[in-house]
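Only one chain comes next, encoded as structure tokens, the form predicted alone.
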Amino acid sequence: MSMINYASREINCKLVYYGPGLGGKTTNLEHVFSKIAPTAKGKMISLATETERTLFFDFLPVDLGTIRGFKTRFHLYTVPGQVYYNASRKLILKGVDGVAFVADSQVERMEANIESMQNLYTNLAEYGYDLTKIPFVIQFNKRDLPNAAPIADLQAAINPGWPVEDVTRQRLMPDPLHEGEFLVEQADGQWIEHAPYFESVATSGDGVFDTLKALSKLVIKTLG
């Protein structure tokens, strides 16, 4: 979880971009890296495999203010999407503060999305993390493609929600980003909560910073 550097007066937070292979995780980080001022970011480190790259860099946001006199530095990571790199996936998740799941909107990639989401739950559980209790957002990428699945289908498959056991939270909670939709709602007598989601075209940068800002704010709330 978050680490405090008293010498530099910084709180270091780890954000991990998870999802199926070639879904757009690397493209997200490359876009963010290209738009952040050189003075506010570290170097981008790339660990290449035969088919994919794992990227990492850190940046110090200038618009989120300080927490008890400490600045917040975010460290962004991607994980390899291919199943046979699962050991690397698990290692990168260690100490995570927030997760962005980057789903591939293409219809034929639905099973890969579901498999990767199940893998995320499994790997986090091995560290004792509960995905329903840590900062978590979903990005539906590649919305510009003609074979992109409808958002309703992606939501049903990847973001069906989890039970809300806290009675005080068992009430309709509108989704501020999507009119007529709810983050918390009642379905078949069961109160459920969905993760916030964003539509994106990472190759052009659409939705990339929306995803990052939302996840960053959720992490900041846990620190306050």
Partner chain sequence: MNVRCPSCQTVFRVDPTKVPDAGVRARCTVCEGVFGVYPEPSEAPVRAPTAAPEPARSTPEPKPAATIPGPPPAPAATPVAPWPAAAARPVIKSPPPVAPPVARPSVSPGMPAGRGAGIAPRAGGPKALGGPAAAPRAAPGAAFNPFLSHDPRQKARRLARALVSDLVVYHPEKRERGLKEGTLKELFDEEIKKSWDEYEEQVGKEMAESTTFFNDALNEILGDGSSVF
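Please read all numbers here as calculations on a predicted model, not as lab measurements. Residue numbers count along the first chain shown, from 1.
What comes next is about the form predicted in complex with the partner chain, which does not appear here.
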The listed residue (Ile92, Leu76, Met117, Ala148) that reaches within 4.5 Å of the partner chain in the model of the complex by any heavy atom is Met117
Given that the partner is absent here, does Ala125 sit within 4.5 Å of the partner chain in the model of the complex, heavy atoms only? yes
4.5 Å heavy atom contact, Glu165 to the partner chain in the model of the complex: yes
Verify the contact flag for His178: yes if a non-hydrogen atom of it lies within 4.5 Å of a non-hydrogen atom of the partner chain in the model of the complex, no if not. no
4.5 Å heavy atom contact, Val32 to the partner chain in the model of the complex: no
Using a 4.5 Å heavy atom cutoff, which residues in 139 to 174 contact the partner chain in the model of the complex? It's fine if the answer is none. Ala157, Ile158, Pro160, Gly161, Trp162, Pro163, Glu165, Asp166, Arg169
